[in-house]
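Single chain ahead, by itself, as structure tokens, in the form predicted on its own.
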């Protein structure tokens, strides 16, 4: 789709409902907004075609699987030219759920999920063993206090 898609209040409400639960049926959204399910479908399709909506995701409660330990690992590389190589190796470690190329103190910054401290230590050792990794620095998450998908979107809508 060419050009920038203009979103109105109905689009904002549709997005908010889908952010809260991506599995919300279009018929339920339509009933809440007093519009047709076809209208919801057309609007979502336009937002997908314009790139505003990119796929959908499912949020898992990793604690239910025994993965209660979260840590963030800053990675120092020997050379920045090794970034892609190290990222490719990181992708092979499934417990690393997020990775960022960063500026500042670290070259890369990752989030890991583990069952306990011993498990986390083994994951960190895997990272340390990657060619090109000089050293790592780990921060343990004591508690995830904020994970809100809607606050930023609501702020964006208010400033449009």
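Here the structure is a predicted model, which means the values were calculated and not measured. Numbering follows the first chain given and starts at 1. What we label the rigid core is the largest C-alpha set whose atoms superpose within 1.5 Å from one form to the other.
Heads up, the form predicted in complex with a further copy of the same chain isn't pictured, but that's what we're talking about next.
By the criterion of a heavy atom within 4.5 Å, residue 100 is counted among the residues contacting a further copy of the same chain in the predicted complex. Using a 4.5 Å cutoff between non-hydrogen atoms, residue 93 counts as a contact of a further copy of the same chain in the predicted complex. Within 4.5 Å of some heavy atom of a further copy of the same chain in the predicted complex lies at least one heavy atom of residue 128. Interface residue remark: residue 37 is not counted as part of the site for a further copy of the same chain in the predicted complex, having no heavy atom within 4.5 Å. Residues are counted as partner-facing when one of their heavy atoms sits within 4.5 Å of a further copy of the same chain in the predicted complex; in 71 to 94 these are 72, 76, 78, 79, 80, 81, 83, 87, 90, 91, 93, 94, in sequence order.
With a cut-off of 2 Å and the rigid core superposed, residue 138 has a Cα displacement that falls short of the cut-off between the shown form and the other one.
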